[in-house]
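In the form predicted on its own, a lone chain appears below as structure tokens.
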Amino acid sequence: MSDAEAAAVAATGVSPEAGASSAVLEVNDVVVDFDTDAGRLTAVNGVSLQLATGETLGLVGESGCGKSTLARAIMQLVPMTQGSVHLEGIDLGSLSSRELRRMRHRIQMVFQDPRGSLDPRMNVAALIGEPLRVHRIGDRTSRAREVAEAMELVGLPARVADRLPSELSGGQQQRVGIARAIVTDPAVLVCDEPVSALDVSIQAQIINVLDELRGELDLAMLFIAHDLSVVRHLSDRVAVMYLGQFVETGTSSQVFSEPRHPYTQGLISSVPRADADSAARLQTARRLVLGELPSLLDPPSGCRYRTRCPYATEQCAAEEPPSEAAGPADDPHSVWCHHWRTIAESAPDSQPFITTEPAPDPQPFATSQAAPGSQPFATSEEQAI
């Protein structure tokens, strides 16, 4: 038994299941249903994933595809209709309320809206130290030390410790949210659109903070975002989600350089880029992503993407596509499409969404070029506070 598993058993009194995976987080065949006035809605339908220590999995897809619901199911914030979530070998769904509460410090979440996730009546030090108090970790002196260390890790100056969230910039508020999430030394960090509510310049700084924390703290991270350039920069692996299901998974390089599913190709083609191929990519995106997103109350039969896919056939309507390896047997690249091989063979060499080496992003994430002696994370707005 690993040290992490031993600590989890000591905290909960629950032993890991025999033969459990060595992955720090393992999600198996999760289904999440909601009962509405219009009928039953399946927001997540049979999703499985694994996360290793120090690894980041990027989760992308249109609004309403089930990304945030999946994150909340992993956190045990919404009930699962089916499936299991194992954290460090322990089945979270099998725990009592008290046992689950004791495990929560090992899996923490960074929310989309930093202002809405912080109690406006508490100062920064109290907000960051609250998880330590709730989980009864350490005494007053050690908690103060942990809070100071967490603030330093996320680039918050000590002078803001006594300030309220309303006295901070948006970027500083999100740093408080991140510090609060890491102060309990979690094994897994779930980031649900953590930069979408921030200005572009602040987004870059927060992404850098998360990237550095992953390396320093050896975190496993599930990163949910709409911005594909951010996902490509931060993620080791990427999962593309559509109407509650995965349609393609693989390494960041595989998914962005050699997308196999028509939906993935359409998403990547729709990313704006100022070059000679921009118009061709836009036409490709329009061809591959037709019409509107269907309702989850009445999803299409067979392949859920078939109503928008230009390659759909009768087989797509009759059969749900299985997961198929898009490379060698040991290759992590998988695709859920009946016709992905035919699509790959028929694609012209000049297909704008396929590149041997993706063009480098503009440098919104680089901090190494900061002026000597300057604080790489500080903005003029933050310096004024």
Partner chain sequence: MSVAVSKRTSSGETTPTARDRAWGRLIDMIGSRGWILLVLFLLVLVAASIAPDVFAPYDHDAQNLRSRLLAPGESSPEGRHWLGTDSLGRDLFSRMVVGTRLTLFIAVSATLIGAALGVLFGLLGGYFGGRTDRLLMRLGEAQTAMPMFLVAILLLSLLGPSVFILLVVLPCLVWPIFARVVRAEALRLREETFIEASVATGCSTATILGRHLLPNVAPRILVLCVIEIGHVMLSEAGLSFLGVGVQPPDTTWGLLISEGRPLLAVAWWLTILPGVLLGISVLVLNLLGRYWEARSGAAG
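Keep in mind that this is a model prediction, so the values were computed, not measured. Residue numbers count along the first chain shown, from 1.
Below, we refer to the form predicted together with the partner chain, which is not included among the displayed structures.
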Practice problem: Using a 4.5 Å heavy atom cut-off, state whether D119 contacts the partner chain in the model of the complex. | Solution: yes
Practice problem: Although the partner chain is absent from this view, report whether S169 comes within 4.5 Å of it in the model of the complex, heavy atoms only. | Solution: no
Self-check item: 4.5 Å heavy atom contact, H86 to the partner chain in the model of the complex
Solution: no
Quiz prompt | Residue contact check: D91 to the partner chain in the model of the complex, 4.5 Å heavy atom | solution = no
Quiz prompt | Answer range among 308 to 316, 69 to 77, 228 to 236, 251 to 259 for contact with the partner chain, defined in the model of the complex as heavy atoms within 4.5 Å | solution = 69 to 77
Quiz item: Looking at N208, Q173, Q108, Q245, which has any heavy atom no more than 4.5 Å from the partner chain in the model of the complex?
Solution: Q108
Quiz item: Out of E149, E212, E130, D199, which one falls within 4.5 Å of the partner chain in the model of the complex, going by heavy atoms?
Solution: E130
Self-check item: Sequence-ordered residues of 194 to 233 touching the partner chain in the model of the complex, heavy atom within 4.5 Å
Solution: none
